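Here's a solo chain for you in structure tokens, the form predicted alone.
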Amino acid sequence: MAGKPLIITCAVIGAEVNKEIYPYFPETTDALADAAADAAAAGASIIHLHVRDIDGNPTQDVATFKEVTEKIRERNKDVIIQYTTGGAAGTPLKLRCEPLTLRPEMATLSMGTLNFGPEIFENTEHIIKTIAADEVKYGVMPELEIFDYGMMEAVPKYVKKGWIPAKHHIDFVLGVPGGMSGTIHNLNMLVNMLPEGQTWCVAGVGRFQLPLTAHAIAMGGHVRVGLEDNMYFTKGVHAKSNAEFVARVARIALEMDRPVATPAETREILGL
């Protein structure tokens, strides 16, 4: 896989982290835009975006997504912005879909319900079909979020039924309590289920982030890093920023002869 450009996605913020457990948490619109721009400068070509309200709580508010998107664009015109449609566990379906009206280039589509730690992250067939239909309506490319083996098995069935688009990107999110653990064995098993030519990346949660990142690079896949998935740069030591994670991936990729993909190259690879 030497020479194949590597797509780096940065998940700059999630729905679970807060300043009580992570001191460098970017929650204001300006802080989020700065974090995204810094990650892009370090090599990320896709920014996976959650946003927060004025009190620092997760929100799917369209105006906030619009404001953060515009501020990211002021800092970086080229980076691909990928919206979450998951929000936080328990977010009503209507609110999960509303940011899609802004027509981002990409957005997530979680492929099944799971116990997300102590909470239930609900993604019934109705929810999946509804979000997928809105992504098609607004011309948004889905990134299918796969947390477990059964979700991967469902993908070709849903494509055949016309419930989800045949053209999509896949993200294996491994290490979430309630989903598949982040072992290399599990990643290999999931990748072996992919059809020829399917693009994919892996997001390793917590301690799984670094080993899965290195393995995905060697396999010819792509990677997602960032504070949504992992707060620690090394054991017990907080990362100072999202850009710190991205820069490390770029260094590893260089050593493994995988040039970091630019946003233009990423659009070509994914067919955006």
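In this text, residue numbers run from 1 along the sequence as written. Just so we're clear, the structure is a prediction, and the values are computed from it rather than from any experiment.
This protein has a second form, the form predicted in complex with a small molecule, left out of what is shown; the following refers to that one.
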Next item on the list: Find out whether any non-hydrogen atom of F116 is located within 4.5 angstroms of the small molecule in the predicted complex, and reply yes or no.
Entry: yes
Margin query: So in the predicted complex, is the small molecule close enough to A15 to count as touching (4.5 Å, heavy atoms)?
Written below: yes
Check: Though only this chain appears here, would W200 touch the small molecule in the predicted complex if you measure heavy atom gaps against 4.5 Å?
Finding: no
Margin query: Within 4.5 Å, heavy atoms only: does E145 come near the small molecule in the predicted complex?
Written below: yes
Next item on the list: Please pick, from G175, G87, P104, G112, the one residue with any non-hydrogen atom lying within 4.5 angstroms of the small molecule in the predicted complex.
Entry: G87
Checklist line | Among 190-198, 177-185, 104-112, 67-75, the region lying within 4.5 Å of the small molecule in the predicted complex by heavy atom distance | finding: 104-112
